[in-house]
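Two forms, one protein chain; structure tokens for each follow separately as structure 1 and structure 2.
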Structure 1
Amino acid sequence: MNKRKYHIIIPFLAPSLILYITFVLFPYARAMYISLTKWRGLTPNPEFVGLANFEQMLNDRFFWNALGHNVGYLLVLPIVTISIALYLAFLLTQGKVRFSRFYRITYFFPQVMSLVALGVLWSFIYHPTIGILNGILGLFGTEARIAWLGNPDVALGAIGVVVIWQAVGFYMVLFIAGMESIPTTFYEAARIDGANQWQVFWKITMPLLWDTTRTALVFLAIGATDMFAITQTMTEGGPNRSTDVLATYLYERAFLSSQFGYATAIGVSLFFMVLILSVFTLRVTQRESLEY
């Protein structure tokens, strides 16, 4: 029976396996090879240079500058996004807020828009002369026209605000779904025992949402290592590389400098960073699952 079972399974798996090898594994393997070559994308046979691209990367200050910005996003974006999303989700499920469905749709709406469209929209909001943000600040007596995307000291944070604003709605809905699956008897018993809102959240809601929070952390960590679309749309890595991230630097090396071998080496390094980061996050946040 076991042999007959495999004779039936293999023909059904073969098409999917062939597609997976062709469009996933082969491109990965090809990228690994190109990262070991010096290639401008114009010749059929790249020049093999071994680990020279990775050695160049270690001495490339622009690479480390971009990596530092990714690390900054990685340390800030997941914590801030999850904190705001958890607060809003708890407020809309336990706080008896009127028109809660309207707020859920409103907060989720940025998620359905493309990052390019959001980047263009916020570029106008941040505009130093016609932007609505400086206009609002002017109502409170602030006369200075702040160049939000033109000032190296604030441009990185300005992009981070847009990313958080765009992502909060999705994770809020994710946490709402998790909270609404928790039996109400837990909350009723806690309130009978005299627990306040903070104690209910920290002792009941948070432990039962831990698996959802772990998933959100991994997704946000992966997003923090990317940041290409929103950065390329709003600043293209400027001013003076103050918002450069690995993805935009990779794009610059590949399509503006035609250094496809070196750009692919950056992409391979980014792949392993994301892989290690995901495994590390899951291991560090691993706890015993609670059943209810």
Structure 2
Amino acid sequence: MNKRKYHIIIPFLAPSLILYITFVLFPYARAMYISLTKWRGLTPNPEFVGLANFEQMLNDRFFWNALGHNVGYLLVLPIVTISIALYLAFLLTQGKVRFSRFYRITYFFPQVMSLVALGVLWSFIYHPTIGILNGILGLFGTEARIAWLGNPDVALGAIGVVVIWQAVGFYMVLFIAGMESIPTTFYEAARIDGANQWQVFWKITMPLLWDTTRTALVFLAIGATDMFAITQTMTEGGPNRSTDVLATYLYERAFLSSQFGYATAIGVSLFFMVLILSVFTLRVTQRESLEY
């Protein structure tokens, strides 16, 4: 038996391992090396240049510009998305709410659509002539014809709104799942002690939802370092690089200007940012876990 078990272990593990090492681990490892080279893709072997790419990055204002936009998203998207999602989740778990099922189904729907399809849809909405957003604002008396994605001052925010719009339903479902697993006896006890709804939310619901909130924060933070699909679809980083993020800038450097070494160095810094950010978020939000 002991020897024979390898007759199943090897054939069952080998295909996955080979695929995974070839297409996932090997490229990641090679990326670390490519980031230390200068390479235009014409020669088989990249030229080793040490940390030159990273030095170049420090002086590259387009890099800082893109990074700045990621940081902007990072500061705004998680907090806004979580606030709206929590608010809606809270409303939907307060006893019987009319159309509650309908709302849960509706809110979640954007999550299953591709970000590209939603990006195209919102490009229509934001369009200065065919779009409806300016029309809606017109109802409130603002007769501006704003080209939402054509104006460097508002384009970044316009993309952020789409991302919040599509993510809220997902996090709401997460929070509802968390809220529904809190034993009702806790609420009854609080009620007997004379707590009002506001106190119940902050003193019971939130602390018990803390783990879900942390997960949501990490997801949203990682999402804010990506933003590729939506940005590439809606603006390709424009106008005037006003919506460029690290991922679109990396893509441009690699596949439009063939600076493969430099692009990969941007990828390496992106990786370290994600890593530090995840650890940081989990550390800062660490509290004694509440068992129930």
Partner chain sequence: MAEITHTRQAQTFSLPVLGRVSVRVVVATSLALWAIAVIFPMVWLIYSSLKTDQEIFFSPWTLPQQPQWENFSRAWDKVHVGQYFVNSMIVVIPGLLLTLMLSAMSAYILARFKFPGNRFIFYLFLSGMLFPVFLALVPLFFLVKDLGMLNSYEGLILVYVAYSLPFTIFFLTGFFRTLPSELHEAAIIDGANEYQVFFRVMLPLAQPGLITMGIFNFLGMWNQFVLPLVLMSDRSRYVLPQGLSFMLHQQYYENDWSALFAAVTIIMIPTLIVYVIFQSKIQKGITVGALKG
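Take the two forms, superpose them, and find the largest set of C-alpha atoms that agree within 1.5 Å; that set is the rigid core. Counting starts at 1 with the first residue of structure 1 and goes up one by one along its sequence. These numbers come from a predicted model, not from an experiment.
- Looking at the condition given, the form predicted together with its partner chain, one finds it describes the source of structure 2 alone.
- Once both forms are fitted on their core, a CA shift of 2 Å or more is seen for residue 23 between structures 1 and 2.
- With a cut-off of 2 Å and the rigid core superposed, residue 10 has a Cα displacement that reaches or exceeds the cut-off between structures 1 and 2.
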